[in-house]
Every structure is written in structure tokens, then in C-alpha cells.
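A lone chain, given as C-alpha cells: the form predicted on its own.
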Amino acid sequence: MNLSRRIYRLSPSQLSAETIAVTFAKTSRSPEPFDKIAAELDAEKSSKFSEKWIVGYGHSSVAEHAVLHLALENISRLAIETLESNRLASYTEKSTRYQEWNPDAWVLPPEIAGSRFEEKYCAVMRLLFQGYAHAMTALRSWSESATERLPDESEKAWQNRARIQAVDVARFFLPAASMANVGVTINARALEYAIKKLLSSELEEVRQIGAEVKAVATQELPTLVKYANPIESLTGIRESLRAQSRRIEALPDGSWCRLLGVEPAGEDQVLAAALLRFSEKSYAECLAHIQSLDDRQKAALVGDLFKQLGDFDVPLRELEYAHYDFELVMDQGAYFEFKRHRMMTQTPQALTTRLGYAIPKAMSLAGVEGLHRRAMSAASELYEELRELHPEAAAYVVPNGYNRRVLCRLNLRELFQFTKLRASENAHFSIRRAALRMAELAVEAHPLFCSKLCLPSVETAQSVSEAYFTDVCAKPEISR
């Protein structure tokens, strides 16, 4: 037997994803090298092994070695939400920040097609996309006049900088029905559950996507996704909780960003965990030691954890021992970026028009605020009518500008990653406002650690609101 170290690649161009998964699985019982195991396998043997051990005996972790790259095109952004709610996958989608939308690129959902609302739905879609196109023209003109050309900057670079500012604002018109493309890299274990969730959706488009994804995946994974079926228990859960929610008494509106829960001793817990990692003491001993220190000594320890970190380094995993619960209300465009941070635990409410909408200040300065208000009101009026037909399908008509409520839990380490990306100067102003406010509340709770967050020196959530928004919670005018 060759005992020399070997590191090599099993190529997906030569072996199917399922065969690679079985090859890795068999190493637990076979002393042979991986390439020899793979050479003895074929599609039939791999399928039989998967059926017996992965499906029959529940060794599902083996399926994580089978990875697929899926391309989904011309599906609604509403459908993308269900797909991207699966945590253990990688996604890259068409960006509303850098691309301009085709005026015909929107979905007519099966629930509305052929109904008495189809004509009005199509009319509102055309209104929203015409508003988007008109706003793009006006915003680009405004942006060019307001964007100073930098020294040695080319005409093309300057125009592109101005164009991106316009796209960032015009996106508030785009409805959830807007078509987009998304690339997905996912392992078979996560894919099986993703398909189950897609097939369990209350939206026909999403169920159709689930069936098509399953059919495409089966070509490469004939066994590993074969039993991905709808989750029957979801129907009863939905009905029960919706019935209970109708009994909830309304309370006065709270803040748009609230820190609901935080461990008071979170900083001590993180320091104790970090100390345990590099010592031979128990957690109780480490925690007692940390609690015996004064604030100056604790601050020095926190400083030691960060002083060597470079721009591309991440803090120690022990920061995960402190967590924060937030309730936020943000515009749908911001939520679409927020949901990409899937290591958080996120619970979004359904997309509606009932929490008001944001009006970017650039809309007002470019002279299209009135157009924006009319489009938002038209969308809200149709939304209320569509709820009578199909409450979930009504969300297709809701534009990016409308607000969305989401509950989330994240740990201190994730807070560092989130604020580093979303509070930076090149982040969209909507998500920047949310990231800054979350950071501000976290600093109040845990000043020793959260003072180390990578935040802009002069910007605050309030300053972003004042600089970039005419209104963050405008109410639609409904003609009834």
C-alpha cells in the first residue's frame, strides 16, 4: 500500500455527482484510495449504494459530497425568496443595483392569469415598469448634474458612476413579480430539503419551479433527490397559526429597529470562551476569572483579540457565544440584501403594502416623487383586491419600495461580518441605514466588543435617513 501523501481532485467532468458522493462514503469501510474506489463504480452501483445507505439507513451526510450547480432564469423575485431561504447553499442573482430591467420582464402568476384581476394586474405591471423607465431617465439626468467628475476620471467611468446612483433609486419601483436569474451551488442533502420547500409553497410558480428543479437534479442525482416530496405538515401549521394570529390585539407601532433581546453577560461569555480555548481551565473557572476583572482589564483583553486582525481576517469563532434579537422594518429592496446573510436566523412576514413605503430623497430632487407616489398607491390598491382572490399571490404586485417586517437573531461574529459589508460606504443606503442602527443598539448593549465594529466614522442611521429619504413610511392613497 502506498503511504505517501496524495492530494488530488475527483473531477465532476469525469464522474457524476452521485458517484463522487458514494466514493467518499465508501472510504469509511474501504482501505482503497479514492480514485480506485471511483474506478470500480458506475451509475448503477452508485444508485444501489445510495438507495441502501443514504436513503435506507439515513446516512444523509454522505449526500453533502454530491454538489450541483443550477441555473434558474426568468423566475420572479418572489419565487427567489423561497429558493434562497435555504441556508446551506450559495447564490448569485441578477442585481437591481447594477442592471436595468426589461419592461416586459415580469411574471403573470397562474393564480391571477385568467381571473377577473388579470387585466388590472397587467395594467399595474406596465405602470410600475413605465414608472421605472421614466424615473431612470430623470434620475440619471439628476445624478449627472449632482455627481462631480473626479480628477483624471474618464467620461465613461463618470457616467457609469452616475448611472449606478440612478439605478439604486429607480429600483424602488420594481415589483416582486420582476423576473430575475439566479445561479445556485448546493449539495444534494440541502437540495432535497430545498425541493421539498419549493413543492410545499402556496404559490403555483414556486411549486412548478420545485418540480423542474427536481427533474433537472434527478439527471445527475437519480437516487438522492428521488424522495423529495411536499412537506405535508406545513398546511396544518399555516392554518393553525394564521387562525391564532387573527386573535392578536394590535399595539401602538414600535420603533422600526428594536433590540428585543441580548445577554447582559454576553461579553464575559465571549471572553471566557476565548480564554478556555487557549488554556487548560474549565469554562466555570474561565468565566469566574473574567468576572473578577475590572472594565479596564476586560477592555485590554478585547483589544488583544482585535489588534492583530487584518482587513480580510475574521474574528475568533468564540464571538458566537453572544447573540442579539432584532425586529426590523425595512424596504423590500433592503430586505432582499438582508436575507443573503443566511447564517442569521430570520423570520420575515409576508410581503404586503400595509407597512407603508419609502421615498428616496433623490426621487424628490429628480422631480419624480409624484410619479412614485401614484405607482405605489396603484400597487397597494391592487394588492388589497388580490388578497380576496389569493393572499399569497397578492405579493407579486408589491414594489421594492414597500416596507417588510423581519425578526432575526444573530451572534456577535455575524454582526461583525454584517456591519462590515452593509454599513460600508458602497452599500446601498437602505441596508446601510439598517446595519448602522443595529450596530448602534449593539454598542449600547456591549460597548467593549461592539466598539470594534467596522463602522464609518461620521455616518449614523439618523444621518442616512435624513440624507437619503424624503419619507421612510409613506402611506398609499387609495381611491375607493
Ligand SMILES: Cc1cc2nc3c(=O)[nH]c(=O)nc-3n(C[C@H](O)[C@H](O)[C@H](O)COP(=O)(O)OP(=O)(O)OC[C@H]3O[C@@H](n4cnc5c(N)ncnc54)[C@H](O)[C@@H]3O)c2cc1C
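Here the structure is a predicted model, which is why all the values come from computation and not from measurement. Residue numbers here begin at 1 and follow the sequence given.
Not on display, but discussed next: the form predicted in complex with this ligand.
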Can residue 306 be called a contact residue for this ligand in the predicted bound form at 4.5 Å between heavy atoms?
-> no
Contact between residue 369 and this ligand in the predicted bound form at 4.5 Å, heavy atoms?
-> no
Just to confirm, residue 422 within 4.5 Å of this ligand in the predicted bound form by heavy atoms?
-> yes
With the cut-off set at 4.5 Å between non-hydrogen atoms, does residue 237 touch this ligand in the predicted bound form?
-> no
Mind checking whether each of 178, 256 and 406 has a heavy atom within 4.5 Å of this ligand in the predicted bound form?
-> no
Within 4.5 Å of this ligand in the predicted bound form, heavy atom basis, the matching stretch of 324 to 332, 341 to 349, 215 to 223, 70 to 78 is 341 to 349
Position in contact with this ligand when the complex is considered in the predicted bound form, options 414, 64, 440, 51, heavy atoms within 4.5 Å | 414
Consider the chain as shown here, without its partner, and state which of 244, 90, 297, 229 has a heavy atom within 4.5 Å of this ligand in the predicted bound form.
-> 90
Within 445 to 475, which residues have a heavy atom closer than or equal to 4.5 Å from this ligand in the predicted bound form?
-> none
